[in-house]
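Taking the form predicted on its own, here's one chain by itself in C-alpha cells.
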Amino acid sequence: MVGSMVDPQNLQQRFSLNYESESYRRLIGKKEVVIHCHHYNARLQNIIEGTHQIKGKEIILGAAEEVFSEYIPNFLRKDDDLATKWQVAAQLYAHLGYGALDFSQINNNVVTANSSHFVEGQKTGFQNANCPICTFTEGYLQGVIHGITGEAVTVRETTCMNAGSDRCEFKIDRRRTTPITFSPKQSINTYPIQSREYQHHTNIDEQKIINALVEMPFIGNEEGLLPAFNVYLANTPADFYNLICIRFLAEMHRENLYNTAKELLLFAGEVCALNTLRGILISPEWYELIAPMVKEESDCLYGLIAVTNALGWGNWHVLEYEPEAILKLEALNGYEALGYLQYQGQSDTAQCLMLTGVAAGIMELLHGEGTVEERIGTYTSEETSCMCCQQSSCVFEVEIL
C-alpha cells in the first residue's frame, strides 16, 4: 500500500456521531445507524443464510456491498491519496465495531482481519462452526473497493477464525463483469402526523439516560470491537437491516414461505431483547446510571425503553403497562417502517418485525422465568398500527399467552 498514512486521531474526527434528539436517530457520516449486538446480528445472518430455499448469502453480501459503496465516500476528502482511503476503510470498519481489517496487502488482492464481530456472534451457540461465516465483511470489502476506486470486484473469504484459523483472509477477484446494483429510495415525511399521549414515569429520567448514553463512546476499541452491556455491539447502517429483511421476505414470498419468514424475523427480535436487554440489566452501565432511579418494579421497563431510545431503534414510549399481563408501546420513528417506506412505499400489512419481537421479549425478560429458551414464546406481540399502512405511528400490543 503506497502513500502516506494519516494520524488515526485526525481520521477519527470524520466518524463523529450526530444524535438527532427530536427523531431519536444516530447519524454517522450523514447516514442513520442503529446499534444491535452480536446475538442479534448472528441470529439474523443464520436465519437468512440458513434458509435453504433461497440464496441467503447473496442477500447479505449484496446489501452490504450496496450500502457501503454509497457510504464510504462520505468519509473521504479530495486530497486523500489511495493509502489514506484504504486507511479510512479500515478505520470505519473498526469504528463501527466490526473488527480489525488490514489493507496492507491490498495490492496483492488480499485483506485480512484478526478480530471479528461476526465470529464473536457465531460463538454464542450456532451450529455452523468450522466454516467461513464473514459474509458481511465480503460485502463490505466489495462495497468500499467500489466506493474508493469505482471498480466492481468479487471478494471471498478463504480462511476464517470461525473455522479455527488465527485470522480471516479475503481474496479479491478483479475479473468481475457485473455492475453493482442500487435500490432506489424515495423521499418520505420523516415525522408522524400525531402521537398518542404516552405514560411518563417520575422515577426514571429518560432524558438523563439518553444524554448519558449518547455521550458514551460506542465505538470500536483497539481490536475494532465494541464491548458494552455485557455484549458486543455494532453500529450498522439502518439501510443494511432494511434491505436484507425486505429482500428476505420477498424471496421467501416467492417460495410461498412469507409467513414463515415473518415468524423468523419476529423470533430474531424476541431473542434480541432477551439477550441484549438482559445484558443491559446486569451491566455496570445499568448499575451506575439507571439502577439508582429504580424504586419500584415498573421502573425497569421505563429504564429499558429509555436505553433503546438512545440506540437508534426509533422513538418509542409506553402507552399502557400492566406488569406480567399487558404492554402497549408506540414507535414514532422506527427504522423498519421508515426504511420500508423509502424502499417499497406503502403496504397493506405492518412491517416492523424486529420491534414487534422486541416488545414480546421485553415482557419475557421482565416477567418470565427460567432460561432464555424457556421464556421464548410466553408472550405474544402484534403490531396493530404501522406507518407503512398510512397510519401516524406504529403500535405494538403484548399479552401473556
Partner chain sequence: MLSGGLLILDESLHISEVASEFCDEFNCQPETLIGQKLENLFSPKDRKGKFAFHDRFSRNLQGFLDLTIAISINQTEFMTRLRMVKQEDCWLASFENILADNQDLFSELYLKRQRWANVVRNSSEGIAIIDRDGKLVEFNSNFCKIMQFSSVHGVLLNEEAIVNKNIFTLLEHQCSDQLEAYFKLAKTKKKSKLRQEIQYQQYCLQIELTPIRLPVQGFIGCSFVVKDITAQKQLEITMNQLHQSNQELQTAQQEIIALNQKLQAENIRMTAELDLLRRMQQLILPKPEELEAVQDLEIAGFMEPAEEVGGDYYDVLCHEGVVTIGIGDVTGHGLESGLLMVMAQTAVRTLKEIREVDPVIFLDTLNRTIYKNIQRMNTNKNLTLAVLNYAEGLFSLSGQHEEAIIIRAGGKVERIDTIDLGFPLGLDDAIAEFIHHISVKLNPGEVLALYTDGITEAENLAGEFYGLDRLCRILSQNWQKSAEAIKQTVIDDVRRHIGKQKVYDDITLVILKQQ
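Positions refer to the first chain, counted from 1. What you see is a predicted model; the values in this text were computed from it and never measured.
Although not depicted, the form predicted together with its partner chain is the subject of the following passage.
With the partner removed from view, the residue among Arg176, Lys171, Lys123, Arg167 that has a non-hydrogen atom within 4.5 Å of its partner chain in the model of the complex turns out to be Lys123. This chain is drawn without its partner chain; in the model of the complex, the residue among Thr380, Gln391, Thr384, Ser23 with a heavy atom within 4.5 Å of it is Thr380. Across the options 329-337, 344-352, 64-72, 50-58, residues that bring heavy atoms within 4.5 Å of its partner chain in the model of the complex belong to 50-58. Three-residue candidate spot His38, Leu225 and Glu263; every residue lies within 4.5 angstroms of its partner chain in the model of the complex by at least one non-hydrogen atom. At least one heavy atom of Tyr232 is located within 4.5 Å of its partner chain in the model of the complex.
For the chain shown alone, Met216 is not a contact residue for its partner chain in the model of the complex, no non-hydrogen atom being within 4.5 angstroms. Contact annotation: Leu365 falls outside 4.5 Å of its partner chain in the model of the complex, judged by heavy atom distances.
Although the partner is absent here, Arg247 sits far enough away that none of its heavy atoms falls within 4.5 Å of its partner chain in the model of the complex. Taking its partner chain as positioned in the model of the complex, the residues of 246-274 that bring a heavy atom within 4.5 Å of it are, in sequence order, Asn256, Leu257, Asn259, Thr260, Glu263, Leu264, Leu266, Phe267, Glu270.
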